[in-house]
Ligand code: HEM
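Shown below, as structure tokens, is a lone chain in the form predicted on its own; questions about how it binds or moves come after it.
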Amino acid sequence: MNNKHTGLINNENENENKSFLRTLIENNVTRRLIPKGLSWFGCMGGLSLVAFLIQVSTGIFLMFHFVPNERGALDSIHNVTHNVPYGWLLQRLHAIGPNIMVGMVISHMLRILFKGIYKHPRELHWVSGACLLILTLLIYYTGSMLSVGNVKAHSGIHLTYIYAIHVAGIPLIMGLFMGMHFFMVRTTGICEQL
């Protein structure tokens, strides 16, 4: 009898968890209305987030193979592109993705500027967005210093420091600013309260 009673309690807890998760998703994702007149340029902030997530996922894959020192860097890049299954594809995505991401972030910022969306009560959105643009350019620069053509050019600079800044320092700071940015967008909305 205790086993039946325990099984019923476990089923009730699972149903409560599923209903809580379902309610959370419905209230925050599926039942949200899309603002009228939202164009592709209006989606550049979200598309920038998608580009960032692609960079993070391909970067995590490359972290397992990249050796951040002068002797091993070129060999590890060569190994990923020629010996690891689909490594060439992920390496190319990680190399081309920042160009697309920078373009999306800049177009997002230009849209906000020209539409005047940065005005009250969204001034802090603009400040956090500008910080994210600067961080995006910094991570782009540090990543370019770790690329095949630039490893030998920057051999005087310790690649381990650049690598640590590129994979840990800047992404953590970007994550904090993104969290603040999304919280503010959630609070005051894009153009009107969501």
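Because the structure is a prediction, the values reported are computed rather than measured. A residue's number is simply how far along the shown sequence it sits, counting from 1.
The same protein also has a form predicted together with the ligand, omitted here; what follows describes it.
Visitor: In the predicted complex, do W126, F182 and I190 all put a heavy atom within 4.5 Å of the ligand?
Guide: Contact check passed for all of W126, F182 and I190.
Visitor: Would you mind picking the one in M145, L138, A130, A164 that has a heavy atom within 4.5 Å of the ligand in the predicted complex?
Guide: Looking at M145, L138, A130, A164 one by one, just A130 meets the 4.5 Å heavy-atom criterion.
Visitor: With a cut-off of 4.5 Å between heavy atoms, is L49 one of the residues that contacts the ligand in the predicted complex?
Guide: Contact with the ligand, yes.
Visitor: Just to confirm, H94 within 4.5 Å of the ligand in the predicted complex by heavy atoms?
Guide: No - in the predicted complex, heavy atoms of H94 and the ligand never come within 4.5 Å of each other.
Visitor: Heavy atom to heavy atom, is L176 within 4.5 Å of the ligand in the predicted complex?
Guide: Contact with the ligand, no.
Visitor: Is G169 near the ligand? Define near as a heavy atom within 4.5 Å, in the predicted complex.
Guide: Answer no; every heavy atom of G169 is more than 4.5 Å from the ligand in the predicted complex.
Visitor: Where, within 100-117, is there a heavy atom within 4.5 Å of the ligand in the predicted complex? Residue list please.
Guide: M101, V105, H108, M109, R111, I112, I117 sit within 4.5 Å of the partner.
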